[in-house]
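This document opens with one chain alone, in structure tokens, the form predicted alone.
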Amino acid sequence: MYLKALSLKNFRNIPEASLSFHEKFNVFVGANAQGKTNILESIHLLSIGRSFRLADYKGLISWEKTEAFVRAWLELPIGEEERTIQLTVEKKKTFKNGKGVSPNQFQFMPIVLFAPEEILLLKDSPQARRDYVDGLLIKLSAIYEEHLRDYKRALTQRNKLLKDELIPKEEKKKQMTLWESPMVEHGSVLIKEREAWMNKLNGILNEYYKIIGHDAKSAQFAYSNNVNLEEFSTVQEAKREEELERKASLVGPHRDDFKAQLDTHPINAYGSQGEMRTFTLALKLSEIKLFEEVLNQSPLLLLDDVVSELDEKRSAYFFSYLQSYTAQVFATATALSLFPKDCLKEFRAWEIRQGKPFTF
């Protein structure tokens, strides 16, 4: 897969831009707050259907504008595809070769994002880690997204019921059980998938961590499930009174966590800053390896200010890795000189100034 070109209009601080990309390395440089990351964000939107910085897509539309466009031309094994996303304050529309389609009719475009925010996965809330894992498994598993959607639908309805002050307690109890069956059905699939894929990920992660960090410690992104499969329904029933009191569903994979650990110790409590950076880099390289093994293709890499996040030793390893990488790379930095010359043998670069790209 090859992203040939990108056209943006009223996207973030970019009034209008057209970019033709190199098959290997593409770099966007400039001072902070000029719009470099916005370009990566638009590519992420085209692949995943959402921003990696905003929950609500409406924030992607330029200030005081009513609509934005992101259009791309991709070279695929089956031929060229023109992909367009139109954003308005009312809705998000997707087009394939000029015809309106649902997002799932887009040819899958695998990407891996490495951004400063990623290190917060090790320190942030369990929700951020669940979102990260969900996003990864949606790309890797054919069944995950459907079950996640149906589980969240049942969870939302059950929580809405628990918060409704007008419904008597006994009636709530009766209605609560109606949503428990779909939660168990779809939640059980999520638990199985999370267990299976985290086992695969951790095997790769541990190897990369030892190589990058020259460290004998055992690294894992441990899956900490809220409830065991065989006890799901039983625990749900036992927690009903507490849930009525707290007005929230307390049992299920929506309360799972994924804990970064070194030798079974939580890295956010006992790990150094260097160990956290090594762990994060190893985690992202493990994502790439999973894509290559499962999907038989290398993902596009989106690297947002990676140079500033890695020290000399980790930068040396990562850039050595990039030199032999076969898929496209899209990177941002404050200066082109921050990249080793060996990485820039085949590349195209732009300076971004106030949302406008200027070629070098």
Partner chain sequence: MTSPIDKLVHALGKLPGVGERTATRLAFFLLRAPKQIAKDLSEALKELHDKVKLCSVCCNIADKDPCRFCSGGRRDQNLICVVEEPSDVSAIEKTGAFRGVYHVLHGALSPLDGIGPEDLKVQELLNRLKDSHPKEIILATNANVEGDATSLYLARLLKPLGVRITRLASGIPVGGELEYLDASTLSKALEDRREMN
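Positions refer to the first chain, counted from 1. Worth saying up front: this structure is predicted, and the values here are computed from it rather than measured. Superpose the two forms; the largest set of C-alphas matching within 1.5 Å is the rigid core.
Below: the form predicted together with the partner chain, not depicted.
Thr177 is the sole member of Gln127, Thr177, Thr234, Ser218 with a non-hydrogen atom lying within 4.5 angstroms of the partner chain in the predicted complex. Contact with the partner chain in the predicted complex, defined as a heavy atom within 4.5 Å, holds for exactly one of Lys99, Arg153, Arg246, Lys91, namely Arg153. Contact check for Glu292, Val294 and Ala316: none of the three has a heavy atom within 4.5 Å of the partner chain in the predicted complex. Partner contacts here mean any heavy atom within 4.5 Å of the partner chain in the predicted complex, and among 67-75, 268-276, 200-208, 136-144 they occur only in 136-144. For the chain shown alone, Glu171 is a contact residue for the partner chain in the predicted complex, at least one non-hydrogen atom being within 4.5 angstroms. Interface residue remark: Leu161 is counted as part of the site for the partner chain in the predicted complex, having a heavy atom within 4.5 Å. Though the partner is left out of this view, Asn226 does not reach within 4.5 Å of the partner chain in the predicted complex, counting heavy atoms only. At least one heavy atom of Gln157 is located within 4.5 Å of the partner chain in the predicted complex. Here Gln236 counts as shifted, since its C-alpha moves by at least 2 Å between this form and the one not shown after the core is aligned. The two forms, fitted on the rigid core, differ between this form and the one not shown by 2 Å or more at the CA of Leu155.
In the core-superposed comparison between this form and the one not shown, Ile167 has its Cα shifted by at least 2 Å.
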